[in-house]
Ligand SMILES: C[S@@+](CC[C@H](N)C(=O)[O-])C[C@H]1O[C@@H](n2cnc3c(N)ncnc32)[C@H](O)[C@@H]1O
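A lone chain, given as C-alpha cells: the form predicted on its own.
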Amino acid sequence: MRPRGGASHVTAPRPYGHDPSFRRSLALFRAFLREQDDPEGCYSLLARDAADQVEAYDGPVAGRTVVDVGGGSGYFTEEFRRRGAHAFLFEPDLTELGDRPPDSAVVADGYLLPLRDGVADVTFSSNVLEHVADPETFLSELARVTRPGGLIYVSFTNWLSPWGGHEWAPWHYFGAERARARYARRTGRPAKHRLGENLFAVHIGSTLRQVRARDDITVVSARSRYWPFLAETVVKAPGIREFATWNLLLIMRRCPT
C-alpha cells in the first residue's frame, strides 16, 4: 500500500448541499426489488451510487487508498478501482466472496483488520454494521485504520426500518422467529439471516450516541442513505427516525492526532 497520507485532491469535494433526486431513489428501489433475479445490476448500481457519495464528501478517490470492510463479492471495491483508487477488500465470510472475488481480496475479521494504523484515506463499510455483534468495536477498528483527516463511510439497515429483517422483512415487526418461519413456508427454503447470529437489532439513536461520544472521529453527516428529501432532517427526529430512515448513512472524519 502507499505511504500514509494519501494523494492530494485533484478537485475540491462537492458538498451535499441538497438531497439526491427522486429519480435516483426510484432507480435504487427498483434495483432492490430485482436483487434476487439480477444481483449484478442491483449491486453495480448501488456501488456507483456509494462511490458518488464518497466523492461528494471527500473529492475524487483516484490515487487514494480505500479499504472496503465487509464488501462481500467486491462490487464496491471494483467500482473504486474503476475510479482510480487503490481499493482493497476485507471480507470475513468466504461464501460471501463468491466465485470471482477481486484480486488481493483478504479474508479478515472487521474486528481485527491486518492493517497498520492510519493506512486508509477512505474506510468504507456498506450494510455491515447490522451483521456484527459488537458495533462499537467494529467502528473503533474502522477509525484505527483511517489516517487523521481521512473519511469513514458507514451505512446500515436499522432494525426497525421496513427492511430491518432483510429477506423476511417487514414481518420482523411481528417477531423474528415468526418472520423466519413465514419466509420458509413461502419460499420452501430456510432464511439466510437469524437474529442474534448473523443479524442484530442495531438502532439509530444508540449508534448516534456512540459515535458522537468518541474523541477520535467527528460526524460530518448523519442522513438517510436512500431518501430523496429531508434526508438529514428525518434522522434528527427521535422515534420516527427508527422507522422512517430505512438505512442510516454516517459520514465521519478521523480526528487529527
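Everything numeric in this text was worked out from a predicted model, so none of it was measured. Position 1 is the first residue in the sequence shown; the rest follow in order.
Here the subject shifts to the form predicted together with the ligand, a form of this protein not shown in this document.
E96 is the sole member of D117, E96, E167, E141 with a non-hydrogen atom lying within 4.5 angstroms of the ligand in the model of the complex. The ligand in the model of the complex is not approached by E79, whose heavy atoms all lie more than 4.5 angstroms from it.
Residue contact check for V128: one or more of its heavy atoms lie within 4.5 Å of the ligand in the model of the complex. Interface membership of D109, defined by any non-hydrogen atom within 4.5 Å of the ligand in the model of the complex, is confirmed. Contact check for V132: a heavy atom falls within 4.5 Å of the ligand in the model of the complex. With the ligand omitted here, the record of contacts in the model of the complex names 65 to 73 of 65 to 73, 228 to 236, 51 to 59, 204 to 212, defined by a heavy atom within 4.5 Å.
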